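In the form predicted alone, a lone chain appears below as structure tokens.
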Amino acid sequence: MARSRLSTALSEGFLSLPEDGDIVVIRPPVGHDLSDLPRDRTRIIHGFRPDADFWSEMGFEVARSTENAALTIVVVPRSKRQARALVAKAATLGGAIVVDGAKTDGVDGLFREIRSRLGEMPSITKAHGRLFAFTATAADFADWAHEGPEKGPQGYYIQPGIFSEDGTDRGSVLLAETLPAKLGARVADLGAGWGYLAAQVLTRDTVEQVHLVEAEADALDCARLNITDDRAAFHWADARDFTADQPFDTVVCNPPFHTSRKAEPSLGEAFIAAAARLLSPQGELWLVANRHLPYEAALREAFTTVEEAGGDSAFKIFRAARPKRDRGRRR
């Protein structure tokens, strides 16, 4: 097996681990190679539930945040604004900073930006990515710092790195406009994000409860600020394996369809299966999807009635009713 950038950096003497103190790794994805780090003093900082659960199961301490570190490793996310914010956070923790990321996630651009501020710094390129190391203070990246949700131009709380971080998503808006005036009393929003769709559901006077199920804790933090209605409940959970104490009358969903830059329809299909499992026998799913995503077969496997209920040239909206009892439901 080819060595990772971190393993190469350590084995070739490019990077050395501190003898004492905590090693902090910020937002490593599932399967990221951390095999050379001492598990007993390595902490993972993560807010994405599937990844956080993975690292916890691997025996690492996992938390949302930390205040200090002897060494901080930032794994570059796809969001440029979030990457900058993570570097700024690392600069407040003390100790050395390592940035590791793929070229497709913008690591080279981040390297150039940091080099322009701090001067030349060592780096290694390997496996279509780059790893580089430096030391810095909070003042060096004060303009990159981001401490939490802030109101965006449309009046909703948002923050870097979450889905639709720049404002409302067109697909969610279309789905909200298509929803009927009356919905079931008990509603779940799977993959609720920062709460736009759930907020629209709460305008229906037939709704008694809305459960927002969201895997990204940063997005859920925003949702709690965007929705202050007592009928709302918030769950930091992977919708694919979320369980509830009683079935839902309605599920609304704008499911994710990629974990990297490549579309993965299986993600949306898993959300469809989860909806079928969570709904009552007469329940309904309302789902929006990009037109190129082939969800029709999965919907027909999981539901008795499936119809396209609206959309436009880019999105399609489905209504699916009466989940099949032998599909997706836990007994």
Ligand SMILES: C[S@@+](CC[C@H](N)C(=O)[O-])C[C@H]1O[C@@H](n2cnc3c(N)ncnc32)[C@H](O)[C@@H]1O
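Predicted, not measured: the structure shown is a model, and the values here were computed from it. For every residue, the number given is its place in the sequence shown, counted from 1.
Same protein, other form: the form predicted together with this ligand, not shown, and the subject of what follows.
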| property | result |
| --- | --- |
| 158, 71, 76, 239 - the one with a heavy atom within 4.5 Å of this ligand in the predicted bound form | 239 |
| Answer option from 90, 210, 215, 227, heavy atom within 4.5 Å of this ligand in the predicted bound form | 215 |
| Contact test in the predicted bound form: residue 197 vs this ligand, heavy atoms, 4.5 Å | yes |
| Heavy atom of residue 256 within 4.5 Å of this ligand in the predicted bound form | yes |
| Contact label in the predicted bound form: residue 271 to this ligand, heavy atom within 4.5 Å | yes |
| Residue 48: touches this ligand in the predicted bound form, heavy atom cutoff 4.5 angstroms | yes |
| Segment assignment from 184-192, 129-137, 145-153, 112-120: heavy atom within 4.5 Å of this ligand in the predicted bound form | 184-192 |
| In the predicted bound form: members of 157-179 within 4.5 Å of this ligand, any heavy atom | 163, 164, 172 |
